[in-house]
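Single chain ahead, written as structure tokens, the form predicted on its own.
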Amino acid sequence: MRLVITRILVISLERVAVEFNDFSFTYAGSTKPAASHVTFTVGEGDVAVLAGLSGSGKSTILRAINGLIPHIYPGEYSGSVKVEGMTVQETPTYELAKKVGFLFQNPENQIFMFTVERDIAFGLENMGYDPKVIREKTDWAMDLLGIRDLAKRSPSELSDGQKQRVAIAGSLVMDPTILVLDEPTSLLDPHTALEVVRLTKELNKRLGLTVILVEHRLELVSTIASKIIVVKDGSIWIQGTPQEVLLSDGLEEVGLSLPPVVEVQRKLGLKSGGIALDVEDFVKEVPRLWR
């Protein structure tokens, strides 16, 4: 009985950052739902990965988190979406923006000032913050992202990886509790993509941010995710821990490929004791497996 009570207490104490409850949405002028009966939760401090083919409904789910749906994109809406306890349908987008920092797939879509520091400070200036506070928060964000040396540079002179860091800094100065990244590695080379993924996890740990990350390359993100949510045709195809999802059958049917290290373990039949999600952990397990 004591074990049961302990489990109930753990569940009740877990705080939910984002909650989808039977959410469905059809854009105005369309007859096909872009999202259908979507239900999932993301706990505070989690790193949740949304994965699926292009057109599967991931962007619709993201728009429902920051309030673009239904406040900007009209259509038929049912179910509910809550962010930090606020019902999105009933909350203005400017209020949601105080909680949700959003990074677009192409950072150039949100970088438009003449220098890096002015771009990072733009949101604070727009909100009427005191100049001293703006200076302090802008410097803090540049130091956190390791881009202080770029302060006076024009964003047009930066690499794609540097632009991503500037865009993230511009979101972080607004003190969000949730950071949403829409395929942040799609324009990056493999090395820079891995750097951005590691940076995302570091921000999650250092700032306690809840992260929702759209990415179809599971080999990049499975090691930092606490939950993977696979979307197909507007519905949740499967959700669970990285190990639960990567051990499920049929991922190829929804356009996803297994991380090579996981594929090797599955072919070896290594399922019962769990699987290693990266090469280093797998190498450590080899002596035990050999025995």
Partner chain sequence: MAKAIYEGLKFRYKTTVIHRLDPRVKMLLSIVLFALALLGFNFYQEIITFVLVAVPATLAKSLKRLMRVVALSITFGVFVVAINLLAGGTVVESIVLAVRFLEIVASTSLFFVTTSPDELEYVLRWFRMPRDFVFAFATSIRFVPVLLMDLTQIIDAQKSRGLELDRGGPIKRIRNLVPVLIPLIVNSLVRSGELAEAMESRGYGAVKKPTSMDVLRLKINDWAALSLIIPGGALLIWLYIYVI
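Positions refer to the first chain, counted from 1. Note that this is a predicted model, so its numbers are computed, not measured.
This next part talks about the form predicted in complex with its partner chain, which is not shown.
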{"item": "Check all three, Leu124, Gly128 and Arg135, heavy atom within 4.5 Å of its partner chain in the predicted bound form", "value": "yes"}
{"item": "Among the candidates Gln239, Asn66, Ser235, Thr26, the residue which, in the predicted bound form, approaches its partner chain to within 4.5 Å (heavy atoms)", "value": "Asn66"}
{"item": "4.5 Å heavy atom contact, Thr93 and its partner chain in the predicted bound form", "value": "yes"}
{"item": "Close approach of Tyr77 to its partner chain in the predicted bound form, 4.5 Å, heavy atom", "value": "no"}
{"item": "Thr115: touches its partner chain in the predicted bound form, heavy atom cutoff 4.5 angstroms", "value": "yes"}
{"item": "4.5 Å heavy atom contact, Gly170 and its partner chain in the predicted bound form", "value": "yes"}
{"item": "Residues in 173-187 close to its partner chain in the predicted bound form, defined by a heavy atom within 4.5 Å, in order", "value": "Met174"}
